[in-house]
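Just one chain is shown here, as structure tokens, and it is the form predicted on its own.
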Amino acid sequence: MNESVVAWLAGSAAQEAAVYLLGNVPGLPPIAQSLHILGIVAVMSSTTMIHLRFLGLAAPSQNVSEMISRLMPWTWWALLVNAVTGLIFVVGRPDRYFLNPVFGWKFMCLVPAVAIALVIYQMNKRDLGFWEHTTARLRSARVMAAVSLVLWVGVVLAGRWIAYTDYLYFLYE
């Protein structure tokens, strides 16, 4: 499937546009990468604060529902920025990403991490204080928080290693 995605994008108008922009808009690659990193910072800081609060490790005086309402919009906007900035590079060089196993690892962590964030946000939005109503809900939130933290760290680590896959020799043995 990865080869078919690469073949579909190779030479497409989208790829030509991305390559043109990356090569002809002064400073676009470092600006896009910088925005991507700032997006990662916003996602990591907002989700980490909420998860650490669920786990009882940070901000004990803060109401978790209020934290979710305040911080999760940062997550959603930052994910949008990351999608746009990431797509520029992925579409520009699809073979570098879709044929890279580490890119797959990144998305195997990213998809469930976003799903967990969405569940936490939607349940809180539907019923303010949802996570504090029962101890069972708080326990499930703690499990989701721990899993989510591990997944977000996996996203960041895989994202950094995409460019350095050649150094991961075990992938080629």
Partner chain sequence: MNEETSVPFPEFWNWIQALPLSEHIGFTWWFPFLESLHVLAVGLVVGSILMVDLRLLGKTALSIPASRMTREMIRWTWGAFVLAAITGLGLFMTRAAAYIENPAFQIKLVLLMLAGCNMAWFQFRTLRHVDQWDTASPPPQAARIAGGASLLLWIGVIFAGRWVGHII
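All values derive from a computational prediction rather than experimental measurement. Positions refer to the first chain, counted from 1.
The discussion below concerns the form predicted together with the partner chain, not included here.
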{"property": "One residue of Gln122, Gln62, Ser140, Ser69 in contact with the partner chain, assessed in the model of the complex (non-hydrogen atom, 4.5 angstroms)", "result": "Gln62"}
{"property": "Residue (of Leu55, Ile31, Leu118, Val147) lying close to the partner chain in the model of the complex, criterion heavy atoms within 4.5 Å", "result": "Ile31"}
{"property": "Output flag, Ala14, Ala83 and Ile88 jointly within 4.5 Å of the partner chain in the model of the complex, heavy atom basis", "result": "no"}
{"property": "Residue contact check: Ala113 to the partner chain in the model of the complex, 4.5 Å heavy atom", "result": "no"}
{"property": "Any non-hydrogen atom of Trp74 within 4.5 angstroms of the partner chain in the model of the complex", "result": "yes"}
{"property": "Contact test in the model of the complex: Val153 vs the partner chain, heavy atoms, 4.5 Å", "result": "yes"}
{"property": "Cys109 within 4.5 Å of the partner chain in the model of the complex, heavy atoms", "result": "no"}
{"property": "Within 4.5 Å of the partner chain in the model of the complex: residues from 128-161 (heavy atom criterion)", "result": "Val153, Val156, Leu157, Arg160, Trp161"}
